[in-house]
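In C-alpha cells, the next block holds one chain alone, the form predicted alone.
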C-alpha cells in the first residue's frame, strides 16, 4: 500500500534505537524526508548510516526544559514546514511505587511528559498555520493496564495519553490529526531492562520472566519493533485521513479491552 508519504517532513524523537529507530526507517522507506533525534553520539550516527536515504539528524536532549520546542523550531527553520511528528520518549526506571523518590518523579516528568507537551505544542502551532499535519504519540499499554514496577511510566504516559485526546479535539478544525499508539511487550533494549528488573524483584531469571510475559500474550510472542512502526506510519499518513483521537494497542491481544 502506498501511504502517500513521499516528501513529507517527519520528525521522530528517541530514534537512535528501538521502536523510534524502526519508525524512522519505515518513514524513510516510504520516501519521507525524515529527521531523527536523540541525545546524539555514536548511536545517532549509526542510525543515520543504517537507515540511509533521505534522513538527517538533530541531536537534542529532551530532558532539558525547552529543548523540545527548540528542536521543532530548528526543523521549521530548515524545511519551512513540519508534516508529521512522532513523539517518542524513553521509559524511566522500573521501581515499585512505594520505593520511588521525589527525584524519580521529577526525572520521569522531565523525560516523558514535559517533552511530549513541548514538542507537540510547537509542532501543532506550525501545523495549524499549514492547515494540515499529523501527530502520533507513542505511549504504552501500561496506560490501560499497569504492571508492578511501572508506576513512573504508566503515570506519565497516562498524562501523554490525555494530552493526545485533548489535542485531537482542539486541532481537528485546523486539519491536524492526533493519534496514539500503545505498544505492548516489544523486543527492545527497554523490554530486556524490564525483564531484568522483574527477575531481580522476583528472584527469577530473565528467561523465566520473559516466559511469563509471553504466556499472557494470546499470539504467544513479543512484538517486533517494525510491527509498531507499521501502525505508526499508517496512522500518520494521509491514508488514515479520517482517524483522529484514536488509541491503538499493539500487544498481541494481551490487553483485551474496548476502552
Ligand SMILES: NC(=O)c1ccc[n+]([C@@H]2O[C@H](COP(=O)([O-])OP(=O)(O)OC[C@H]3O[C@@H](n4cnc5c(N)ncnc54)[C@H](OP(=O)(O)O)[C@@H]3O)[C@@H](O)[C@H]2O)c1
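All figures in this text were calculated on a predicted structure; none of them were measured in a lab. Numbering follows the first chain given and starts at 1.
We do not show the form predicted in complex with the ligand, though everything after this point is about it.
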Notebook entry, point to check: Do residue 90 and the ligand share at least one heavy atom pair within 4.5 Å in the predicted complex?
Noted result: yes
Check: Even though the ligand is not shown here, does residue 43 get within 4.5 Å of it in the predicted complex, heavy atoms only?
Finding: yes
Note to self: Is residue 139 near the ligand? Define near as a heavy atom within 4.5 Å, in the predicted complex.
What the structure shows: yes
Note to self: If we define contact as a non-hydrogen atom of the residue within 4.5 angstroms of the partner, is residue 236 a contact of the ligand in the predicted complex?
What the structure shows: no
Checklist line | Sole residue of 199, 63, 69, 54 within 4.5 Å of the ligand in the predicted complex, by heavy atom | finding: 63
Notebook entry, point to check: Of the residues 103, 170, 99, 189, which one places a heavy atom within 4.5 Å of the ligand in the predicted complex?
Noted result: 189
Checklist line | Which of 159 to 167, 176 to 184, 144 to 152, 74 to 82 sits within 4.5 Å of the ligand in the predicted complex, heavy atom basis | finding: 176 to 184
